[in-house]
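One chain is shown next in structure tokens, namely the form predicted on its own.
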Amino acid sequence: MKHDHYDAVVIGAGHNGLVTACYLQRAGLKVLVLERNSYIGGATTSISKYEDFTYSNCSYVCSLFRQEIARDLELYKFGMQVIPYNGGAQIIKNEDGSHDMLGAYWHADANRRDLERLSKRDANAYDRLNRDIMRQCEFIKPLLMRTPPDPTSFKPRDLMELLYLGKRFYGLGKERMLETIRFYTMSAADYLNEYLENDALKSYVAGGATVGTALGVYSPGTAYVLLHHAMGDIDGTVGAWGFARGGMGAISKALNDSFIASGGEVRVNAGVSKFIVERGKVKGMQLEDGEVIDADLVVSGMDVRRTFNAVDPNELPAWVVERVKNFRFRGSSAKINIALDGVPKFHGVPDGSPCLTGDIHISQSMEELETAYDDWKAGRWSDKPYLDMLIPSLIDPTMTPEGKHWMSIFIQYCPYEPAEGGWTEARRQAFGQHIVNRIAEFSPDFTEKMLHMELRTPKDIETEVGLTEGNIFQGELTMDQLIFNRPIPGYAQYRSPIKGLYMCGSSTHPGGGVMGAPGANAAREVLLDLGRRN
């Protein structure tokens, strides 16, 4: 079959692949995007699975997406809109069996008054905690859109980048320098213990430290994961979170529309089986249906293992093959979407509370979170999992019929492979029912309001979305897999050992989340190698 010539082919129409494609197309290249699924977006999708309900099927909240990318690619012109939510609720079960709610209000004074009911000390400490986390955000945020330096290189660009990092770090001052070193090596539990005394409040904050990571709240390094979920912003409000109007697929749609408007081309149902490499240079790819596409420049949005599994290992240095094999994914997250016939009631939560427009948590203590991790280590889904529950339709009515709602439920922990055997349909249903039963302990009418449930285990996420072991970040966010170690030392600058083969997925710096930074950074490196203006 005869093909048009393309200057670049991007593998995967996830948000990072589309970001890369948009920048390359706008720089004057002719770009083709290949997507193995019948739809675009990867994990950033909105698909209707039940009547007139639309779910954000995998990723479900927005904050990390870089505003400079949105402006560059005119995503708001193409319909992207983020609606901030203004609350959150931690439902507390008291020793006498009664329930109470700890509200996370957008208004600072209301939030403080609610915290004072639990602990006046924590009401003061909570402000200090947020201040210190924001200070860590201030240090790392400028690094998100920069290419990591190679610390073993004497190239002027790497030396200058190392100097930039050193000057930023030295500029923190002695006290904050020492605090930053401690922060990146601490567990979330140890870090929070230095500020807060109420266990329920600590568990509310600490849950984010385990998201997408097969570690527990007492594991060293989880304080950084906590930071990773605090450094986003909406309309300049640092740390704010919200919903993409119409679901997370609206972000992918805006990217796709921007790409097409610039003259790009997308092909779906076009999965890649292998890259064709000759004398150390990529020459194209073979699709799963046997079709061969010639290309001198390929950018892979697949994770690092899937990318290099598509290359003959004889074309790669043996140490690279071994490093990629040891890159940790360890899927531990599941996702459930539920259509609801109305807003469910929750014990201790007043009807119409604004707190229901944000995250609803029911973890009671740090020990409960750690025990949930212990269950995962034993190959079981957690008896009392960390659940991040949201009802986006409370502030975005475009996704459900009038008077109906849908709930997004993120679950930590769930094994990629249960110890008792693989994921049979019976086990999948038992897992889903277990989660429903757990929620029903805190919501008396939850089960009767359920109309439909969509369930994804880590295995389902891998099969449907192409994320190895179902890891939502394309690899764990631990210190040995960050910055110039991501994905592997020596190849953290979006290039690969194969000339002309680049990487733009979340396996590269700065990691996962619907951020777009890996895609933008990869595009910059491609254009640099081509001598094109960025």
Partner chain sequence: MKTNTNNNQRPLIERPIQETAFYPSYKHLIQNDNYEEWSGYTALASFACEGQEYFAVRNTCGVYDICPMIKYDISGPDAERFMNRLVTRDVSKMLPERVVYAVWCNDNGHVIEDGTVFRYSATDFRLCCAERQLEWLEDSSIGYDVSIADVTEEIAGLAVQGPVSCRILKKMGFTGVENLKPFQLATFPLHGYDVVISRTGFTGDLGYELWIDVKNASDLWESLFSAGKPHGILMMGSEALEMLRIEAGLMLVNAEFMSCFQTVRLNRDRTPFELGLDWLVDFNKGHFIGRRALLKVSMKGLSRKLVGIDIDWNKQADGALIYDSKDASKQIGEVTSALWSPILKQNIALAYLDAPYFDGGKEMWAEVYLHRECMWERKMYKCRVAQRPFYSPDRRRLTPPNDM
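Being a predicted model, the structure only gives us computed values, none of them experimental. Positions refer to the first chain, counted from 1.
Not on display, but discussed next: the form predicted together with its partner chain.
Taking the partner from elsewhere, R245 is found to have every heavy atom lying beyond 4.5 Å of its partner chain in the predicted complex. By the criterion of a heavy atom within 4.5 Å, I92 is counted among the residues contacting its partner chain in the predicted complex. Not displayed here, its partner chain is kept clear of E278 by more than 4.5 Å at the level of heavy atoms in the predicted complex. By the criterion of a heavy atom within 4.5 Å, N124 is counted among the residues contacting its partner chain in the predicted complex. For the options R71, R182, H107, K274, the one in contact with its partner chain in the predicted complex, meaning a heavy atom within 4.5 Å, is H107. Exactly one listed residue, out of K377, H434, K155, R135, brings a non-hydrogen atom to within 4.5 Å of its partner chain in the predicted complex: R135. Contact with its partner chain in the predicted complex holds for all three of E175, A200 and Q364, each having a heavy atom within 4.5 Å. Between 327-335, 442-450, 95-103, 287-295, the stretch whose residues reach within 4.5 angstroms of its partner chain in the predicted complex through a non-hydrogen atom is 95-103.
For the partner-free chain shown, nothing in 397-413 comes within 4.5 angstroms of its partner chain in the predicted complex, judged by any non-hydrogen atom.
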